[in-house]
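Take a look at this single chain, the form predicted alone, given in structure tokens.
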């Protein structure tokens, strides 16, 4: 692949609290605001607590999931005082950090999340974006103490529903396990290191450093699996102990996935895939026990900053 020239990345938004009970991003953003971290070298930084009402309530959201409100359809829909708070807030954030798909949008948007699943540190993104892949590779190379992975949601950007899709480039950082409403120092330190590494990469890129191309592995979403349910829609089984806490471990046909409350083991029947978000607390309401993904290799070219 030929070396690519990419415009400088001079503006970045770092957001936390899109889900009000995921506290790592909240406290990273608040500390950056306390330290008045609004510029690092050539990079201007906007820090945002994205769902203050849910944060005050100690809940994931108040009326609807803010992290599902950033599709083109929802961002352009009429709002009134009776519209859900999160829908109105999404349009405010889009005006502040976007508009999505425009030349005025921030160059890079990073949204910080926690999961109750045992996923380590994951970057989540939509398009196969050279900037994102280079940053992912950089973080992966520098953070040896924790597994660093990436998840790709193969969704057109117009249908991309989460906040990071508002930036010209963007990704979520998803880190766990951490219970809702709890702050863990080790998780906080992981996310802070990933943010600091990203800012350092941006400075070096803007200063003229070239980055060599290469390959990375990422997990591409395939489908979701619900819990077994009875005729009334109530769950009848829990995640099997052999699957619990084994996010990204290859799941093969015949492997246990659920244990019914009467003690029966239910086994997986399907192609070999990788589970993630296993037993995520917030996904019970979405009728998701875990997601399944393929592991793919993505190539990206060498890049340098485009000079005027």
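Numbering follows the first chain given and starts at 1. Predicted model, so just to flag it, every value in this text is computed and none were measured.
In what follows, reference is made to the form predicted in complex with a further copy of the same chain, a form of this protein that is not presented.
A.B. asks: Just to confirm, residue 189 within 4.5 Å of a further copy of the same chain in the model of the complex by heavy atoms?
C.D. replies: Residue-level check for residue 189: yes, a contact with a further copy of the same chain.
A.B. asks: Within 4.5 Å, heavy atoms only: does residue 214 come near a further copy of the same chain in the model of the complex?
C.D. replies: Flag for residue 214 set to no.
A.B. asks: Quick one: does residue 79 come within 4.5 Å of a further copy of the same chain in the model of the complex, counting heavy atoms only?
C.D. replies: Residue-level check for residue 79: no, no contact with a further copy of the same chain.
A.B. asks: Quick one: does residue 185 come within 4.5 Å of a further copy of the same chain in the model of the complex, counting heavy atoms only?
C.D. replies: Contact check for residue 185: yes, within 4.5 Å of a further copy of the same chain in the model of the complex.
A.B. asks: Select from the listed residues 238, 195, 105, 75 the one whose heavy atoms reach within 4.5 Å of a further copy of the same chain in the model of the complex.
C.D. replies: Partner contact (heavy atom, 4.5 Å) among the options: 238.
A.B. asks: Work out which of 38, 272, 245, 63 lies within 4.5 Å of a further copy of the same chain in the model of the complex, going by heavy atoms.
C.D. replies: Flagged contact: 245.
A.B. asks: Taking the partner as it appears in the model of the complex, which of 41-49, 247-255, 274-282, 65-73 has residues with heavy atoms within 4.5 Å of a further copy of the same chain?
C.D. replies: So the stretch in question is 274-282.
A.B. asks: If you look in the model of the complex, which residues in 15-42 sit within 4.5 Å of a further copy of the same chain (heavy atoms)?
C.D. replies: Read in sequence order, the residues that approach a further copy of the same chain (within 4.5 Å, in the model of the complex) are 27, 31, 35.
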